[in-house]
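Single chain ahead, by itself, as structure tokens, in the form predicted on its own.
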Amino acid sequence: MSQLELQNITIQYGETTIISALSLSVENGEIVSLLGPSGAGKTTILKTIAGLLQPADGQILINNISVNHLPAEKRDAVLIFQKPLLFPFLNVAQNIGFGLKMQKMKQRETERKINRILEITELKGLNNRKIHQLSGGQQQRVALARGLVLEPAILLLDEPLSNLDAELRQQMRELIQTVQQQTGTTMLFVTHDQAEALAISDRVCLLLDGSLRQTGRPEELFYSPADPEVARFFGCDNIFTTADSFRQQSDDVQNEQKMFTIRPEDIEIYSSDQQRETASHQHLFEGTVTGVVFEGRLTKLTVKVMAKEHVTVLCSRPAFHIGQTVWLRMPEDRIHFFP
């Protein structure tokens, strides 16, 4: 059963359409990432779900009930912003329990819920600390705990890790996954970080130019992009047609023109000396290295092939140099043809 469903949602600022006829669903117990570049409208979508903005058209359903007419406080959804927005005059436990207090929950039940969520979010022992006494990562955990303790049908997270350093981001990413497994909370997670979305999500919804371009499991978007723009978003500039220098390697569509892609890390690269040993391999293309960028774990090469195409290759060692003649091989099972 869907905890959240958007049906043909259109969102406008004045006369400008930000989101056009967008539909998506988040199933019970899922973490779904809404991924896209800055300015794509991701936060606008969350605010509309939460009731802070009204859609120009379409329906928002939470627990299969339309909530378009409901104010924010009546919707079974909690929005956690990029900045924690905690009350500085309250301690950790009071911040976490603020929403329960507004619901007029009994004190004993409130304390039980707060203690449980403190343990789950690894905040136990910090109950009485004021917000200014916490690190950035601890503050974000308090914000997460304040949302989780309300047990909403859908938890909306608006780039909650973007203000943290790399190590804290990794810790918080793992914590969110652990918390979700323990609580079963359904989450819609907004981010512009590809690695974050791929690592944390059951499914990813890629938002480009105000519309969803592809939705699926993380590996589907990464290895089987719906179109060239999706491929480029995930760092793959290798977009070719079978009519170009690279010919289709399968016999079934030899006479058709098709666009295809292959990820840079899936291309095999050999020096000319190595090529002699791989002469039995088919589909080898001679080229010249025109660019080398050392990126630490991987080295990014640009290879000019047949005086026309430029191919991006990622290899594990910086063993090539500009001007070097190389041979490329594209394994047939790694080539993806666009629909």
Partner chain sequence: MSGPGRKASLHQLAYLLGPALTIILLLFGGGLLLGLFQALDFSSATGMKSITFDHFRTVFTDPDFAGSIALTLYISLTSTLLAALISVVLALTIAHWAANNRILNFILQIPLTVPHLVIAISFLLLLSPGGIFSRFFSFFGMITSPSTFPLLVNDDYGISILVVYVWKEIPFITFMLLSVLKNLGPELSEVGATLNGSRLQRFRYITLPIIGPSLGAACLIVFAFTFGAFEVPYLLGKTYPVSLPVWAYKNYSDIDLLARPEGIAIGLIIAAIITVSITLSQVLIQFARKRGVIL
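Every value quoted in this text rests on a predicted model; they were computed, and no experiment measured them. Numbering follows the first chain given and starts at 1.
Omitted here: the form predicted together with its partner chain. The next part is about that form.
Though the partner is left out of this view, residue 132 does reach within 4.5 Å of its partner chain in the predicted complex, counting heavy atoms only. Put simply, residue 108 is far from its partner chain in the predicted complex: not one heavy atom of it is within 4.5 Å. Although the partner is absent here, residue 298 sits far enough away that none of its heavy atoms falls within 4.5 Å of its partner chain in the predicted complex. Its partner chain in the predicted complex is approached by residue 50, whose closest heavy atom lies within 4.5 angstroms of it. Of the candidate stretches 185-193, 203-211, 81-89, 257-265, only 81-89 contains residues with a heavy atom within 4.5 Å of its partner chain in the predicted complex. Though its partner chain is absent from this view, in the predicted complex it lies within 4.5 Å of a heavy atom of just one residue from 150, 126, 164, 269, which is 150. Annotation for 65-81: interface residues with its partner chain in the predicted complex are 72, 73, 75, 77, 78, 79, 81 [heavy atom within 4.5 Å].
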